[in-house]
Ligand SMILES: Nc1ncnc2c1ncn2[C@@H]1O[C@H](COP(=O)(O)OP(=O)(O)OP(=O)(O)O)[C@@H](O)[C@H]1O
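Only one chain is given next, in structure tokens, and it is the form predicted alone.
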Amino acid sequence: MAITVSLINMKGGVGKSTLSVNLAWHYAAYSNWLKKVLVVDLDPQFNASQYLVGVKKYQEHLSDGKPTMWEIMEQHTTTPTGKVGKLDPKKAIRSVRSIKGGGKIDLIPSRLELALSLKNPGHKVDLLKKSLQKVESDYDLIIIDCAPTESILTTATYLASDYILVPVKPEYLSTIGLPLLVSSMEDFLLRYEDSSLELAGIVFNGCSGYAPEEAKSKSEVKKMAAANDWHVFQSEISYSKSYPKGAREGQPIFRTSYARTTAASNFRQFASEFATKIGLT
């Protein structure tokens, strides 16, 4: 069965979507494993969706009336595409890339209306888990890109996940989302005592090398991590303009035009350390 990992931080702008997409590319096409990867976009801003398939194909998906994460979370209710009954999650999956040798990337896209699910949260919390259970045998890894808020989507994510990965930018206010995450996970594990959810660790993302500020921010994060017995990955992901450029081009850091080899090598180093931590072999 697939290993399911969610990228989450209660603070926005930490690079969750970019990290999700590049991890998917790495494990599917740029590692020795050629994994079958499903990216689940659980953020109403749908950044990961547009990054993976581009604006045009994303709009085509919606125009064709194909289901998204909203329809999955709104089963048995009415949406702009009609009455949603019991939904086969495979109908929401869009193929992104098949890799020679067996790797592949698929996507369950999101849409802006997913935010409306938060207004009527009743009886939805287990829909994500149940949907992924129906398709997980087709994949080695499922990556969930989460919204930076505490909501029913957060609980749904916890229920569906094996591991949580927390990207943090080493800058002022970098720890602002961590106390909320601590409280959120503690409340979840108290309520769902049989859950095997684990926090895989914290990764410093977008490191620029500005020593004074970054050193102080990293120290604050590491202090909080130590207090909660959270792992901090040794590998760090450096800042590179090639990441936003890659999003525009629809390419990972490994294929982005004029991307420095050091940026790609730096990302691979973290991806390898992360794979070891979660047992993705």
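Position 1 is the first residue in the sequence shown; the rest follow in order. If you're wondering where the values come from, they're calculated on a predicted model, not measured in any experiment.
This protein has a second form, the form predicted together with the ligand, left out of what is shown; the following refers to that one.
Comment: 201-209 is the region of 171-179, 136-144, 109-117, 201-209 lying near the ligand in the predicted bound form, near meaning a non-hydrogen atom within 4.5 Å. Within 4.5 Å of any heavy atom of the ligand in the predicted bound form lies no heavy atom of residue 50. Within this chain, residue 217 is remote from the site of the ligand in the predicted bound form, having no heavy atom within 4.5 Å. The ligand in the predicted bound form comes within 4.5 Å of a heavy atom belonging to residue 243. Contact annotation: residue 148 falls within 4.5 Å of the ligand in the predicted bound form, judged by heavy atom distances. Exactly one listed residue, out of 28, 39, 42, 237, brings a non-hydrogen atom to within 4.5 Å of the ligand in the predicted bound form: 237. Residues 11, 12, 13, 14, 15, 16, 17, 18 of 1-38 are found to place at least one heavy atom within 4.5 Å of the ligand in the predicted bound form.
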